[in-house]
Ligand code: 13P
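Taking the form predicted on its own, here's one chain by itself in structure tokens.
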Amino acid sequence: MSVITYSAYAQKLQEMGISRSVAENTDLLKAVEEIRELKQQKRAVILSHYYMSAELQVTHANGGVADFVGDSLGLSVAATKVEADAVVFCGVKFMAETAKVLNPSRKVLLPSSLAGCSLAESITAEDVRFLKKKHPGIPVVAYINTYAETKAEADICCTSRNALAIAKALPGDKLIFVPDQFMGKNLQQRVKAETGKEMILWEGSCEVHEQFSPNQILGLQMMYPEAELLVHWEVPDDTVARTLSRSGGILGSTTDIINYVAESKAEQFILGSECDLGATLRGMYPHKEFIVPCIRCPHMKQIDIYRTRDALRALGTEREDLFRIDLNETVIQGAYLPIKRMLEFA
């Protein structure tokens, strides 16, 4: 790795709160350099979620490997604009599946087959068919955190960034929202107040966000009385109700949180979301302080620099099928329309 590239990469990691010893790790730097070369050789791009470890969030322009870093909606939009032959998705399986639905002719690789999602696994296509039979004629909104075969049974998908707009725009006085019960309850308060609509919910949850308890956040608010609170839609509704009004802040998507910090005059923030979003925020706003209860998504953390390198090495070889996302044509066609409708709200 050139001195200039290394310097930019190391500096960005340090801004994100990563220690100098990690930034100067020889094996890490060699892997980053190889990934940058392999991307060019194999005409591949890397999409990296905000919940990835900091080493995967540094962009190519800053000496890193990511061609685009974003939330679920941002990555979905980026997937529609890919011009490379292959996409390496540093996220979890449902995200890579979405990229495949939007790019059926391109290869999509997921660096670890273990990168699943507790929320996506909480509901199946059969479950959605059951709900539609039980509530005929009521539109089904499937959160992006679902697998492609589940999406294929929905009328429209949504992300945490556009869920409220979609819920408000749908016709009728009821809608089915799956699978996150806590996000659904948080949304329901706004939707009910603004439209009077009733939301029929499923009992799924995210194993990361459900851990943010009222007592945990209240304790941090006592320790940092000047801090504003940043909480994701997936955090339990009782936690949101008991804590957000105490300090001010925002309930919203990952990008909503990022944008809120940019506009806020506060200097301290308590983060109620995945731990490595804290690294993202520190890198973007180095002069502000972020208090982060470090709850990590075990599925996201299955993906690292080295597994990403391995996926790129395998591209075009007999080992490619260890990483490649394959969906049958029926699922791709079924999931495409709900995803396309979602992107109209991007």
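Just so you know, these numbers come straight off a predicted model, no measurement behind them. Numbering starts at 1 and follows the sequence shown.
Same protein, other form: the form predicted in complex with this ligand, not shown, and the subject of what follows.
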{"property": "Non-hydrogen atom contact Phe269 with this ligand in the model of the complex at 4.5 angstroms", "result": "no"}
{"property": "Close approach of Met95 to this ligand in the model of the complex, 4.5 Å, heavy atom", "result": "yes"}
{"property": "Residue contact check: Ser112 to this ligand in the model of the complex, 4.5 Å heavy atom", "result": "no"}
{"property": "Asp71: touches this ligand in the model of the complex, heavy atom cutoff 4.5 angstroms", "result": "yes"}
{"property": "Per-stretch contact check against this ligand in the model of the complex, the hit in 59-67, 27-35, 43-51, 303-311 (non-hydrogen atom, 4.5 angstroms)", "result": "43-51"}
{"property": "One residue of Thr239, Ser76, Ser122, Thr254 in contact with this ligand, assessed in the model of the complex (non-hydrogen atom, 4.5 angstroms)", "result": "Thr254"}
{"property": "Stretch 226-245 - residues with a heavy atom within 4.5 Å of this ligand in the model of the complex", "result": "His232, Glu234"}
